[in-house]
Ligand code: DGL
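Next up: just one chain, as structure tokens, the form predicted alone.
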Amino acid sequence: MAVGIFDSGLGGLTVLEAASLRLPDVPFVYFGDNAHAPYGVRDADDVFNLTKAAVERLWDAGCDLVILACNTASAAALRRMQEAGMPQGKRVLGVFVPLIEALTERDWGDNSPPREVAVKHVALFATPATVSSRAFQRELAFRAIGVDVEAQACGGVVDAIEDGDEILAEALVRSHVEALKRKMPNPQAAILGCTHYPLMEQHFQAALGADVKVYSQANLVAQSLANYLERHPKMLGEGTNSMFLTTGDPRRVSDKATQFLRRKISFVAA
């Protein structure tokens, strides 16, 4: 009954933590493609091929449902994988839709035509690859009209977070928020479009100001996953053991993950 969670690095652990709290009886298999991280500076074909290989490994681990807890992979690979067709009984979901449903105040699975919403000016903070894909804007257009989105590519933030350099990460966040505000001085809402960014949410909020509502992914994705599994209980795969897989050096990745989540995490080679 395992569910797979994939990320290029450690950011997806924020989603794993939230999902584990929401669904304590579900075993999760986490796959970090640390050997090829970060994805945010790779081209779309490269991201697609790496993501496809990772998803297939999670299917092999007994996960019928895989969450792409990586915005770059969701932006560059998800639609392409879905259009190519999934094996019978397998499903891959991304992390954009739960954010957009929250932003547009839609219930889970509401596929009614796009409509006007209260929020008109949205700041999107994401990796360069996610920004260039315009995947967020495309998904938003299916659900809302009249929303102005200003995207800011946040180069360097993921590396600083994974290196444990919070001082640098905070400085980069302030710099990227200032750059965004030069283009959109008064955003009403801000989307943290990377699963690493929840760790910096308070710094984004401080730089943006208290009047800007900040949407972070981990809890929203966990809530959406719980709703999905309630409606599709058969998507729980045959796997029964939680585990952490990595393409990187297991000891080094385990040490980083332990620091990242502030609890003991042990990865094994994928």
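Position 1 is the first residue in the sequence shown; the rest follow in order. Since the model is a prediction, treat every value here as computed from it, not as a measurement.
This next part talks about the form predicted together with this ligand, which is not shown.
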query: 4.5 angstroms heavy atom contact with this ligand in the predicted complex for P38; finding: yes
query: Contact of A123 with this ligand in the predicted complex (heavy atom, 4.5 Å); finding: no
query: A76 within 4.5 Å of this ligand in the predicted complex, heavy atoms; finding: no
query: Contact label in the predicted complex: C194 to this ligand, heavy atom within 4.5 Å; finding: yes
query: Answer range among 201 to 209, 63 to 71, 228 to 236, 48 to 56 for contact with this ligand, defined in the predicted complex as heavy atoms within 4.5 Å; finding: 63 to 71
